[in-house]
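Only one chain is included here, represented as C-alpha cells and corresponding to the form predicted alone.
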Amino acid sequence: MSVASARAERSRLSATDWEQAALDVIAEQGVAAVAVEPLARRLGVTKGSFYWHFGTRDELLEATLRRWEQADAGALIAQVDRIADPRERLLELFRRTSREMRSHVIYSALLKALDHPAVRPVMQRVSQRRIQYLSLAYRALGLSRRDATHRSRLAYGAYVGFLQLMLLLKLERMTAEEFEAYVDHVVATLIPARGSVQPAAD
C-alpha cells in the first residue's frame, strides 16, 4: 500500500467508526470478541487505520464504553424529562426502556464481563445513575426518601434480573403479547396508582 493510500484509509474512518464497530461486536459476541484484526476486516480496512486513532485494543474498549455510558445518560434524560406529570414520566420511562432491545443486549454482554477492569466501573456508574434517577422519579410522586430508594432498587433489580433470565440464562422467549402483558404487570406493581401516595414529610 502506498503512503498516499495508507493516509486515505486512515482518514476514511474516524475514532467514532471504530468505537461503533466495537459496540456492535459487544452486542453480537461480547466484550472478549473485541479485537483489532477482526474489527479491521469488518470495516474493510487494514490495522493501520486502527493505530491512527488508538494505541491498543484496551484504549479502544475504554473509549467505546465511555461513548456507550454517555449515550445512556443522554438518552435517559432526553426520552422522559420533558414530561411534566411525574407519574406519566415514570410510566414512559418504563415503557421506553422495555422496547430498547439493543440496549438490553449490550447491558447483558457487559454484565457477563464484570471481571474486566474497564467494564466494572462503567457498569457501577451506569447502574448508580439509573437508580438515582428512579429514586428522584419516585420522590416526585410523593414517596418518602426511604421508600423512593427502596422502590428504585426494587425496580432496577427487576430490570437486571429479567435480563439475566432472558438473555444470559436464555429461558424460553416470550411472545410479543406475553411481553407486553409482563410490562403492564411491572408497571402496575412498581408504579403507585394515581392518588394512592400521600406527600412525604421528608
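Being a predicted model, the structure only gives us computed values, none of them experimental. Counting begins at 1, following the sequence as shown. Note that the rigid core is defined as the largest set of C-alphas that superpose within 1.5 Å between two forms.
Just so it is clear, the following notes concern the form predicted together with the DNA, a form of the same protein that is not shown.
Distance criterion of 4.5 Å from any heavy atom to the DNA in the predicted complex singles out H53 from the list R139, H53, R151, R67.
Checking R146, K47, R42, R173 against the DNA in the predicted complex, a heavy atom within 4.5 Å turns up for just one residue: K47.
In the predicted complex, A35 approaches the DNA with a heavy atom inside 4.5 Å. Residue contact with the DNA in the predicted complex: V186 places no heavy atom within 4.5 Å of it. Heavy atoms of L13 reach within 4.5 Å of the DNA in the predicted complex, making it an interface residue. Between 129 to 137, 53 to 61, 155 to 163, 173 to 181, the stretch whose residues reach within 4.5 angstroms of the DNA in the predicted complex through a non-hydrogen atom is 53 to 61. When two forms of a protein are overlaid on their rigid core, residues whose CA moves 2 Å or more are considered shifted, and G44 is one of them between this form and the one not shown. Relative to the superposed rigid core, the position of the CA of R139 differs between this form and the one not shown by less than 2 Å. In the core-superposed comparison between this form and the one not shown, H53 has its Cα shifted by at least 2 Å.
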